[in-house]
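First, one chain by itself in structure tokens, the form predicted alone.
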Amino acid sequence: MADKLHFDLVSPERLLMAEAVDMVVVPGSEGDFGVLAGHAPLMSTIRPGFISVKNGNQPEFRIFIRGGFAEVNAKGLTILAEEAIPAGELNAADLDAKITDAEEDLRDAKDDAHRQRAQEIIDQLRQIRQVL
């Protein structure tokens, strides 16, 4: 049996995964990267996108993350995500509501920093919506 990678995925709301897997593909800020057991130590910021978790003969498990950090060390891979949603839980109506809320936040923004952050969120949500 091949070595397994210990993978933890944590969002502000909950611990989504803590298990041994074969491989995880992460949307790093400099490009996607795959992590297997024994990977060299690494830290990376994460751009919005899908994490792919591969484990044996099980179907690939995909999770959308909206930013965060990934750390690979001798213990495994830990991802601290700003937001993490299993692909099966994403639906168009919820995304449309989030986009509407973010557009309201943009209209109500009092300064450039808040306007920029609201626009970034809108852009990210629209990217997810296009994938669906």
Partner chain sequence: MPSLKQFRVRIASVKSTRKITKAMQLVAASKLKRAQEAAEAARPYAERMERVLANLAGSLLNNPGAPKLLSGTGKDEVHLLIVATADRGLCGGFNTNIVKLARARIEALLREKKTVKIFCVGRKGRDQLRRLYSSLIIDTVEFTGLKRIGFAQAQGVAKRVLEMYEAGEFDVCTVFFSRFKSVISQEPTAQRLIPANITGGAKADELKGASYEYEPEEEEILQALLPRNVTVQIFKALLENAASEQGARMSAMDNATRNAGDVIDKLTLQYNRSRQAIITKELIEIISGAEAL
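Since this is a predicted model, take the numbers as computed values, not measurements. Positions refer to the first chain, counted from 1. Heads up, when I say rigid core I mean the largest set of C-alphas that superpose within 1.5 Å between the two forms.
The protein also exists as the form predicted in complex with its partner chain; that form is not presented, and the subsequent description refers to it.
Problem set entry | in the predicted complex, the one of L95, L36, A102, L80 near its partner chain [non-hydrogen atom within 4.5 angstroms] | Answer to the contact question: L80.
For this session: Indicate whether its partner chain has at least one heavy atom within 4.5 Å of a heavy atom of V10 in the predicted complex.
Result: Looking in the predicted complex, residue contacts with its partner chain include V10, since a heavy atom lies within 4.5 Å.
For this session: Could you confirm whether L15 comes within 4.5 Å of its partner chain in the predicted complex, counting heavy atoms only?
Result: L15: yes, in contact with its partner chain in the predicted complex.
Problem set entry | Interface membership of R62, its partner chain in the predicted complex, 4.5 Å heavy atom rule | No, R62 is distant from the partner.
Exercise. Is P41 close to its partner chain in the predicted complex, meaning a heavy atom pair under 4.5 Å apart or at it?
Worked result: Contact check for P41: yes, within 4.5 Å of its partner chain in the predicted complex.
Exercise. Looking at its partner chain in the predicted complex, which residues in 68-93 have at least one heavy atom within 4.5 Å of it?
Worked result: Contacts from 68-93: F69, E71, V72, N73, A74, K75, T78, L80, A81, E82.
Problem set entry | Threshold 2 Å Cα movement between the shown form and the other one at L106, rigid core reference | Shift of 2 Å or more: yes.
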